[in-house]
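One chain comes next, on its own, written out as structure tokens in the form predicted alone.
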């Protein structure tokens, strides 16, 4: 079934698991087109061959044709049996049981309305921009902190529900580096449509280097304005929701901000991560992303400025 991975293909599978799903989908499409062609062909043939002519009476009626009955029962039964086998075989290969107590390679947690990724055995925790290595089979644990979400990056394989209090899992073997995008596919609230997913697939060495960098504490080399922002941040309730490793901020309600300045996007893909957008977010969060848990604090402009300088310096 993997032969379709070698062809230009509109589904563009990028993992072994997605390739099997895409191949199965292709077989379904081919079979459906064949049945459609046969039905339309017979309809046209019968309409032309047996069309009524002026003066024709009641046509001769035929019943009990065992050849036709056998064809109409046998062909659908054969198709159902073949596709049942192909579907079960695909499911067994795409979603094999986790190997006992095997430690997952990454744990994905859905929040309203963003994604958190932690890497067991390391200190690395990131939000929304999730990095994964290529070329090896990864066990991904999926769960949720609040309501039901659904993890789905179509090019990487099956989608999976993220359910509070329950851990689900998917396997993925990413075949080539690149950026793969997906979205939450379970309606989870007002900002469901803006709960995007971005997976950055990297060669193993590059991925390990990225993890090592993400394990580091927040930078201490700050400009005077950024230092003022750090002091402001520490005296406000920001740290009760957000964590910045290496500081007293240790909240777990909002995204980990330890390396916030190194991210290319913010708010789960809603905005590019730049000072202007960050200023808008800190000033009117409910205007930018209504329904998100971030409250409006009404800080003065100069406080917003030093906060922006501080957060963008966290790389």
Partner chain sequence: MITDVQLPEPKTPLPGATVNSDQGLLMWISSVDHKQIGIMYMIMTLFYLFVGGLLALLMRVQLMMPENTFLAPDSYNQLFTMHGTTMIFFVLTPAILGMAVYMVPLQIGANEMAFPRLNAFAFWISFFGGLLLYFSFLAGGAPDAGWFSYAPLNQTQYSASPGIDYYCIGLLLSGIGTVSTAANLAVTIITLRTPSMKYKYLPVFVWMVFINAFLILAAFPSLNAALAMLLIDRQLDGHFFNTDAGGSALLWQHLFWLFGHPEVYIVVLPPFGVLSEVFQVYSRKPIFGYPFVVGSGIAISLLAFGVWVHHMFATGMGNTVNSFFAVSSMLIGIPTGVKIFNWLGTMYGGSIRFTTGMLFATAFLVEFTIGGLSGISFAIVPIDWQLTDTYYVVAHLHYVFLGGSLFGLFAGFFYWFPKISGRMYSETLGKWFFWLFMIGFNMTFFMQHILGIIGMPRRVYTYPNLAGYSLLNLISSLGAFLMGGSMLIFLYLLYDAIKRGKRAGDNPWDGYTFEWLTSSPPALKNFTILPPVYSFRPVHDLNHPEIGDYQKSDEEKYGTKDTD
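Only the largest set of C-alpha atoms that superpose within 1.5 Å between the two forms is called the rigid core. This structure is a prediction, so every number in the text was calculated from the model and none was measured. Positions refer to the first chain, counted from 1.
What comes next is about the form predicted in complex with its partner chain, which does not appear here.
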* **Contact segment among 203-211, 234-242, 124-132, 190-198, judged by heavy atoms lying within 4.5 Å of its partner chain in the predicted bound form** => 190-198
* Contact test, all of 77, 87 and 160, partner its partner chain in the predicted bound form, heavy atom 4.5 Å -> yes
* To do: Evaluate residue 166 for contact with its partner chain in the predicted bound form, applying a 4.5 angstroms cut-off between non-hydrogen atoms, and reply yes or no.
  => yes
* May I ask you to state whether residue 184 is within 4.5 Å of its partner chain in the predicted bound form, using heavy atom distances? => yes
* Asked: Looking in the predicted bound form, any heavy atom of residue 138 within 4.5 Å of its partner chain?
  -> no
* residue 51: heavy atom within 4.5 Å of its partner chain in the predicted bound form? -> yes
* Residues in 103-135 with any heavy atom within 4.5 Å of its partner chain in the predicted bound form -> 112
* Using the core for the fit, does the CA position of residue 73 change by 2 Å or more between this form and the one not shown? -> yes
* To do: Could you check whether the CA atom of residue 275 moves 2 Å or more between this form and the one not shown, using the rigid core for the fit?
  => no
